[in-house]
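Quick setup: one chain, the form predicted on its own, written in C-alpha cells, and binding and motion questions come after.
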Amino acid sequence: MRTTEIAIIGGGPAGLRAAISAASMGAKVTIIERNENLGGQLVKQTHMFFGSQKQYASTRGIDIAEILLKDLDKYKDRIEIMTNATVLSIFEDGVISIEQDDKYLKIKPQSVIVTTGASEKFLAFPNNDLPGIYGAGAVQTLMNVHGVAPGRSVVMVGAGNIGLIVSYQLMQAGIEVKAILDASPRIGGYLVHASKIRRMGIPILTSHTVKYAHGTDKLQKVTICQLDEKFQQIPGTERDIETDVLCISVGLSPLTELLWQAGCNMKYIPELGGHVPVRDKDLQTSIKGVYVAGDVAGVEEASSAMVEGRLAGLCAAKALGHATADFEELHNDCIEQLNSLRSGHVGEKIRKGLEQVAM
C-alpha cells in the first residue's frame, strides 16, 4: 500500500492551491484527479476574475490555471500527481481506494483534503433529455476547451454569474443568444455582467422558466412562460422560441459523497448549495484529519475556492508538524481574504450559510 502525508482529492482551483500551500510548508502531498489534466473549472474559464491582486484579479481563468501549475512545479519533489484516477472510497481507517487505468489502488494518507467541487443542477420539464440541451459547464467545455460550437442559437436558463458569463462567451463565439430566462424576479449575477449582455440587445426575462422542449431527434424549439410570486406557471403567458440549444445554468450541488462515506457530520444548507460538512475555522471537518475546500464545502466563486484551498493546505501541514515561523501571518491573511470576498450584500447569503456549519 502506498503512503503519503496529505492526499488531496480533486485537482481544480482549490486542490491545486491546497497542494502548493501544504508543499510550501514542507509536507509530502499526493493530488488525485479523475480527469486527464489538472485545473478543473479554470481550464474552461476565459473571463477575467474580480477581487484583488492576491486573487488574480484581471487574469483569465485559463491563465490562472497555468500560474498554479507553474507554482506546483516548484515543489515537484514533494508533490505526486495522479491523473485519470477516481477515488472510490474513504474507509474508516483513513485508507483511500482508487481506480486508475483499470487498476485498483490504495493509499494511506495521514490527512485528506477533499476538493471535489460541485455538479450542475438540472431542471425537470417535458423532453429535457433531447440532444441540444446542455448544462452551462458542458457548453463551456465544448467552446473553450475543444473549440466546438454547441449550435447556431441558444436560450439560456439562469441569470446568475455563470449563465451571464457563458451567454457572453457564446456571443463572442458568433452564436446567437435569443434570450436569458430566470425564475427569480431579480437577476442573480453581478450587474456588470448583465449590463454587457443587455448592451448586446439580449433580453433577460426574469420570472420566466421553460415549460416544454420540442423536437424529435434533437431540440427544435422551447416553450417558455411567466411565473407568479410563488414561482407557479401563469396560464396564457406561453410563447415559443425556435432554437437548437437550451443551456441550463441553475446552480451547483456540492459533490459530497466521499464526505458522507467518511462519516463527516453533514448539514443541509440551501445558501451553500445543499448538504455540506460541518467544519472548524481551519476547514477541518468533524473527522480529525479530513479537511475540505472549495465548492464541496459550499458553492462560491473560484476566488474563494483558491483561498480556502490555501488555508486547508496550511492547516493540514501544520497539524502534521510542518509549522513555519510565518504560519500565523499566512493563516490570518487567508481569513482576511475570505472575509473580504464574502463582505457586503453579495456575500450575505454565504455568510448566513457558513454560520450554520461552523464548529
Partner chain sequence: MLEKTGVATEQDLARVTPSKERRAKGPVAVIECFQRIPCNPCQTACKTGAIKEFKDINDTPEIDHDACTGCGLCVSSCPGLSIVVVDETYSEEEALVKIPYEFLPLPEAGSFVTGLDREGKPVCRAKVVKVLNTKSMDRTPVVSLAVPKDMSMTVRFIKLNDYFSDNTIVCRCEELTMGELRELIRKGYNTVDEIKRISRAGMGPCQGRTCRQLIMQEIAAATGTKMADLTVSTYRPPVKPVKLGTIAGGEHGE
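Residue numbers count along the first chain shown, from 1. No experiment lies behind these values; they were computed from the predicted model shown.
The protein also exists as the form predicted in complex with its partner chain; that form is not presented, and the subsequent description refers to it.
Query raised in the report: So which of L258, I79, I224, C264 reaches within 4.5 angstroms of its partner chain in the model of the complex, heavy atom to heavy atom?
Result: Of the candidates L258, I79, I224, C264, L258 is the one lying within 4.5 Å of its partner chain in the model of the complex.
Requested in this report: Please pick, from E99, E271, D71, D282, the one residue with any non-hydrogen atom lying within 4.5 angstroms of its partner chain in the model of the complex.
Outcome: So the residue touching its partner chain in the model of the complex, by this definition, is E99.
Query - Contact label in the model of the complex: L105 to its partner chain, heavy atom within 4.5 Å - result: Yes, L105 sits close enough to its partner chain in the model of the complex that at least one of its heavy atoms falls within 4.5 Å.
Report task. State yes or no: in the model of the complex, is some non-hydrogen atom of E176 no more than 4.5 angstroms from a non-hydrogen atom of its partner chain? Result -> Because no heavy atom of E176 falls inside 4.5 Å of its partner chain in the model of the complex, the answer is no.
Query - F231 within 4.5 Å of its partner chain in the model of the complex, heavy atoms - result: No.
Requested in this report: Please run the contact check for D129 against its partner chain in the model of the complex: heavy atoms, 4.5 angstroms, yes or no?
Outcome: Residue-level check for D129: yes, a contact with its partner chain.
Report task. Choose from 89 to 97, 155 to 163, 199 to 207, 285 to 293 the stretch whose residues reach within 4.5 Å of its partner chain in the model of the complex, heavy atoms counted. Result -> This holds for exactly one stretch, 89 to 97.
Requested in this report: Within 4.5 Å of its partner chain in the model of the complex, which residues of 1 to 25 have a heavy atom? Give them in sequence order, or say none.
Outcome: In sequence order, M1, R2 come within 4.5 Å of the partner.
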